[in-house]
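The chain below stands alone and is given in structure tokens; this is the form predicted on its own.
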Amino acid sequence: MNCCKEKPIIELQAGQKLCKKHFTEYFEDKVHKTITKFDLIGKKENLGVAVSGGKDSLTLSFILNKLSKRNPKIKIEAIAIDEGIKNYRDKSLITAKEFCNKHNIKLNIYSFKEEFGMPLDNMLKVLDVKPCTICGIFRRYLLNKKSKELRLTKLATGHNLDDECQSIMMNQFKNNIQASARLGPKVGVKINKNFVQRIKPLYLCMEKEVATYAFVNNLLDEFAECPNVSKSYRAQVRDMMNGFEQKFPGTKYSIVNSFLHVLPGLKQRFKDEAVNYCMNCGEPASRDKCNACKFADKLNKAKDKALVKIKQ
């Protein structure tokens, strides 16, 4: 069923076909309802937005910027991490810069090269590690550390329903229930001053919807995927879930909605888990040293070995 006489641009899960105008209203209303339902944003915030230059982060930034204009007490600024992935991140950062300049959003850029001594592409040449493993660890480390330095009250990320569905299934397959307890629209098990609260306003939006919104609102011209994604475990789970969704429409919604029913119990179960702090950098860690510092040590040793070989 069409929403009106205008040409539809998307068919929703329930079968309704929406034109550009009505889809935009539907999508923005869905995001606002998610923010309200899960109490993601207060009446006064110094809100950070993790921006990559991709469809999810630009869509999120665009909508939150509208919210900020309606409520001056909600201030936003963007954080971008330059991992150092040639012909991918350098291009997406150009898009991010252009977007932030156009919408008067302050953009803070931090790089692996400046923080850890070399870009990700070079790290993968000297370390025997999966790209997404070291990239994810360093990205999360920098996002939290820099968010604290910027005195942000919360950090919004562009994770959508597809992303959450993949994370839920990955944790199930790996029997990592404690990691699942940290999922949800609000990341983490409990409030900790050393963690800047992360929120996911696009939590109930399917990737297809986010891509459509970004395209019809001219937020970017083309969609690019990280060249390292195909090597990840997540990519395998993503393809599997897309297959299920195609055969059994509504599968992703069902998984995420079922998970939301058990999530409060998971958070309650792990709320008393102790938080350690890295003896090296002081950031939260599961042991005496955080994973970011462990990998940084490995990089330093690899660089020392390379220098020895050059001298020889």
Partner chain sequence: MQINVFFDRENKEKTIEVDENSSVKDLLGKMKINPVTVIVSKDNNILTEDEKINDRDKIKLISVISGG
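Note that the structure is predicted; figures quoted are calculated from it, not measured. Positions refer to the first chain, counted from 1.
From this point on, the text means the form predicted together with the partner chain, which you will not see here.
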Exercise: P264 in contact with the partner chain in the model of the complex, heavy atom 4.5 Å:
no
Under a 4.5 Å heavy atom criterion, is K30 part of the interface with the partner chain in the model of the complex?
no
Classify E245 as contacting or not contacting the partner chain in the model of the complex by the rule of any non-hydrogen atom within 4.5 angstroms, answering yes or no.
yes
I'd like to know if K208 sits close to the partner chain in the model of the complex, meaning any non-hydrogen atom pair within 4.5 angstroms.
yes
Just give me the single entry in K21, K17, K301, K294 that has a non-hydrogen atom within 4.5 angstroms of the partner chain in the model of the complex.
K17
Just one of D82, D163, E77, D121 has a heavy atom within 4.5 angstroms of the partner chain in the model of the complex, so which one?
D163
The partner chain isn't shown here, but in the model of the complex, which of 213-221, 106-114, 167-175, 146-154 has heavy atoms within 4.5 Å of it?
213-221
Could you list which residues of 66-90 come within 4.5 Å of the partner chain in the model of the complex, counting heavy atoms only?
Y88, R89
